[in-house]
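Below you'll find only one chain, the form predicted alone, shown as structure tokens.
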Amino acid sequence: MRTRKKKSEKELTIEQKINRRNFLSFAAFAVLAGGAYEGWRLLYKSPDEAAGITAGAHKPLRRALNKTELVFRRLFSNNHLVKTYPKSMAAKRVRVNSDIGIEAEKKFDPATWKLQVVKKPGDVFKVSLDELKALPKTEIIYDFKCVEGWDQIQHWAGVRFSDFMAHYKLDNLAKMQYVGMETPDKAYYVGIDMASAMHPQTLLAYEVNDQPLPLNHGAPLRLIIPVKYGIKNLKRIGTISFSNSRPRDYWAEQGYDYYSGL
């Protein structure tokens, strides 16, 4: 009888300990959930940032995004390459996700297109597609990533941006902080830090799956920058410019992260 009583008391003690741990776990979860909700509520009610190069985000969120950008930029290295894949793994039908800046496809004639490079205000030179194709061609098969959450292994080809800069003797401009790119109709535009633009895998692409770019993928020339999310991969580049201050950026004006790095 005594042995059974001791065993029963021991089991009760163990059950009490389990109940105590469960209570503490639940209490901790409740505190964390309450804290998270309160943090979300404060963020939701916080004032919006002043509209400028960036806009559409609450002030605390934009501050956090800017701090994160500084961390990413300090860690960034051209020696860190995006993983590549064999050509056999590339999607046969490359996903089209947006037509901002290229909506007027029927009115656009790629044969009349020339890339405008703004060295400084009033100093602009133009480059034809044939001139770009005369430069060394580079291919990349990598996992294209979208901020919406999807990704796809894609095959692109063109001239490396760094080769383009070297060929046209734009070394001094490569020392600037940013590159700005816009579509010919100026409806879509991106700002990119120079280090990412000069990354060895960044391309001015004119082919997809060994074929000339179709209109819905930004013919005749688009940006492929594997170290960034898809929102930075501008279709149909019309103008390239350089600056030491952030160029305007379409999605950063809608509240997205300006840097958008991977």
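Just so it is clear, the model here is predicted, and its values are computed rather than measured. Heads up: residue numbers just count along the shown sequence, starting at 1.
Keep in mind the form predicted together with a small molecule is missing from the figure; the text below concerns it.
Enquirer: Pick from S162, S98, Q177, N78: which has a non-hydrogen atom within 4.5 Å of the small molecule in the predicted bound form?
Expert: Partner contact (heavy atom, 4.5 Å) among the options: S98.
Enquirer: Just one of C146, V127, V82, I153 has a heavy atom within 4.5 Å of the small molecule in the predicted bound form. Which one?
Expert: Exactly one listed residue reaches within 4.5 Å, namely C146.
Enquirer: Using a 4.5 Å heavy atom cut-off, state whether A57 contacts the small molecule in the predicted bound form.
Expert: Answer no; every heavy atom of A57 is more than 4.5 Å from the small molecule in the predicted bound form.
Enquirer: Counting only non-hydrogen atoms and a 4.5 angstroms cut-off, does Q201 reach the small molecule in the predicted bound form?
Expert: Taking the distances in the predicted bound form, the answer for Q201 is no, it never comes within 4.5 Å of the small molecule.
Enquirer: Answer yes if any heavy atom of V117 is within 4.5 Å of a heavy atom of the small molecule in the predicted bound form; otherwise answer no.
Expert: V117 lies outside the contact set for the small molecule.
Enquirer: L234: heavy atom within 4.5 Å of the small molecule in the predicted bound form?
Expert: Yes, L234 is a contact residue.
Enquirer: Only one of 70-78, 168-176, 132-140, 90-98 has heavy atoms within 4.5 Å of the small molecule in the predicted bound form; I'd like to know which.
Expert: Among the listed stretches, the partner-contacting one is 90-98.
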